[in-house]
Ligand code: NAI
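Shown below, as structure tokens, is a lone chain in the form predicted alone; questions about how it binds or moves come after it.
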Amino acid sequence: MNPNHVVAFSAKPYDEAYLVQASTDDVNFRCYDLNLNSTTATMANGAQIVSAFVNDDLNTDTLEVLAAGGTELIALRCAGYNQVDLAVAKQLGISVVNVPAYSPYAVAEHTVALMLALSRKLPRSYNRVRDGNFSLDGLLGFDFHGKKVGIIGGGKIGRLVGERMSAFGCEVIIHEPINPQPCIDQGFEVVALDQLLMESDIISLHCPLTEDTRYIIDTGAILKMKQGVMLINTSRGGLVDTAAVLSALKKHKVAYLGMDVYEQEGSLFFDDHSSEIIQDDVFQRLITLPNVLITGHQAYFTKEALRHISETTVANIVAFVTQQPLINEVKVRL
């Protein structure tokens, strides 16, 4: 078993290029453009270290196959770890590390881009001009200035979005029940979730996906929102009950929806399905609506982010191989 040989799953050509660039003489990658699951996990037999991404399925079955093959470290190339059964990993003696903050600026900027594109109906206007149609009918937008923006999740990304929306002249409120002090230190008002839902003109999600936050936006939450609210999710798909939001879009309760993530994205995102009939009826309905803008989990996708992801992943692996403290280790919550 070679402790420096790393099997990387869900590694697209651009991932492989940056991983190779970040590699050292002591760490080398074998990359597969396949999702990691209980079936593909056998491809890592003999590898002490496995690297995985956001839509890999590290459930009990997958982890047991990896452990049987000798895996002792899972190096996630992402911040989220909801795809890993941490309790089972611990039982099997597998350590898990992540990349906690690869490029908060990339995600924050993409979040604002979705807001701007929706508020000024840029996709529709772009297509019109390409067709030689310069009519402004149906393109009426709204100013950000003076609007109230509610941010759910006051971590680095949430606070960066707050800073940028403040620059537009928005009033920013944040719901952050775990660590509110950094938000307070930056001058943001920290509020209860119900207050944020009821008062915000724009709501943006920037919290991790846990059992407590799954479907934090459901039918009950939507009922508390203002009529005509804008909802943005660049965090995790499972934060939003998509069927409930679709119903709210039909009733014009939610007037604008921007998503870079989707709760069933595992079978869709990161691959080309343009020649197929997508079987997800909810997703298909969403993309027909003119007030919905969906991108395919690309908020993180900048040169700077890919470089940082690769460098941090290699640093995590080197720390494990050299038996140094794993500063980015993800541990099961007691």
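The numbering used is simple: start at 1 and walk along the sequence shown. In this text the structure is predicted, and so the values were computed from the model without any measurement.
From this point on, the text means the form predicted in complex with this ligand, which you will not see here.
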Quick check on residue 177: any heavy atom within 4.5 Å of this ligand in the predicted bound form? yes
My question is simply whether residue 217 lines the interface with this ligand in the predicted bound form - judged by any non-hydrogen atom within 4.5 Å. no
Check whether residue 262 has any heavy atom within 4.5 Å of a heavy atom of this ligand in the predicted bound form, and answer yes or no. no
Quick check on residue 300: any heavy atom within 4.5 Å of this ligand in the predicted bound form? yes
With this ligand left out of view, which of 165, 207, 222, 115 would have a heavy atom within 4.5 Å of it in the predicted bound form? 207
Which one of 98, 234, 242, 71 is close to this ligand in the predicted bound form, taking close to mean a heavy atom within 4.5 Å? 234
Which of 117-125, 100-108, 246-254, 134-142 has heavy atoms within 4.5 Å of this ligand in the predicted bound form? 100-108
Pull the contact list for 125-156: residues with a heavy atom within 4.5 Å of this ligand in the predicted bound form, in sequence order. 152, 153, 154, 155, 156
